[in-house]
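Given as structure tokens, the chain that follows is alone and in the form predicted alone.
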């Protein structure tokens, strides 16, 4: 029996880290093998499509058409496969594309694989590639990097709302505390505000512990409309998907707002009526200041109050977020979906919530290409 409802039927992940002795093929093989071992998909003929989310395969791994390579490596040929790339939001965009294929009647079951391998090169090289997320002709050509723009936002935020450098460390402390409970997190240790402030300066006032770590990782999600693949109530229904873009930072009227995120959150919350304070949320926080701004766009904190209220928010980034779970760029959005799935069903380690709703948010650079998805627990 099939329907136009779209479900997340099963997920799998490897722990985010730096896999010097494993290739991207091996990481993908591990998560797909685990997913097929726990799902009811059975015969590969029941799978209609493969979508791979990856950002740097061509620039760092010298590999184009990575989706076809992985389809062959994983024994999934002749299934159609495509690669999705929208910068840091690629993983959630891949989920959105799977949803669209099913809603359009072009597929019944879609396998989404997010994989990224950044440990092949030193951090300086990875940062050079990350700079490509900016507009080359008006930003990076003049020496601007992503962390420079983040530093500009943090300086403005601190000046406008009267925060000290130590005040701004609350997000990092909270995320590391959450990551300790996540068996898939890269940075499973706590930090203090003093440690954040005394860590290496990346671009004043941004410190190392304000930033995501360089990461490798792979995660897989089975998206389906086939109700025969659903095991009891251990599934999530995808209720709404929205995407939005925004102008680069130099063209914005208000630097401390996230226009694409604001637009898509308005769409999501208008369509899906639920108490956002009771939902499990995974949001984009590659840098701590971005976490604060997203929380304010969500309405969970008033403008300029997020650093004071973050400790009271016990439903945001229970994984540790990009900040402490890690940020395997193209795989991150797939991890976010897999984490919400586990938190609302079988549990992410010992972290489990009986909430009905989940909200996942991802964005590239400073909110230039953003995606939001709302899911509801099957019951």
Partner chain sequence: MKLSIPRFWRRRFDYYSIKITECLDCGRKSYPRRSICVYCKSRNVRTVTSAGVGEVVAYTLSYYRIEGEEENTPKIVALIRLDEGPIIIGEVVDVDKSEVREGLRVEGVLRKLKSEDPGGLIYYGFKFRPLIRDR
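Everything numeric here is computed off the predicted structure, so don't read it as measured data. Residue numbers count along the first chain shown, from 1.
The next section is about a form of this same protein that is not shown, the form predicted together with the partner chain.
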Query raised in the report: Would 145, 159 and 201 all count as contacting the partner chain in the predicted complex, using a 4.5 Å heavy atom cut-off?
Result: yes
Query - Listed residue that, although the partner chain is not shown, lies within 4.5 Å of it in the predicted complex (heavy atoms), from 187, 240, 151, 173 - result: 151
**Report entry** Heavy atom within 4.5 Å of the partner chain in the predicted complex - residue from 233, 194, 137, 275
**Finding:** 137
Query raised in the report: Is residue 71 one of the residues lying within 4.5 Å of the partner chain in the predicted complex, judged by heavy atom distances?
Result: no
Query raised in the report: So in the predicted complex, does any heavy atom of residue 301 sit within 4.5 Å of the partner chain?
Result: no
Query raised in the report: Contact between residue 248 and the partner chain in the predicted complex at 4.5 Å, heavy atoms?
Result: yes
Query - Contact of residue 107 with the partner chain in the predicted complex (heavy atom, 4.5 Å) - result: no
Report task. Name the stretch: of 118-126, 257-265, 220-228, 179-187, exactly one has residues whose heavy atoms fall within 4.5 Å of the partner chain in the predicted complex. Result -> 118-126
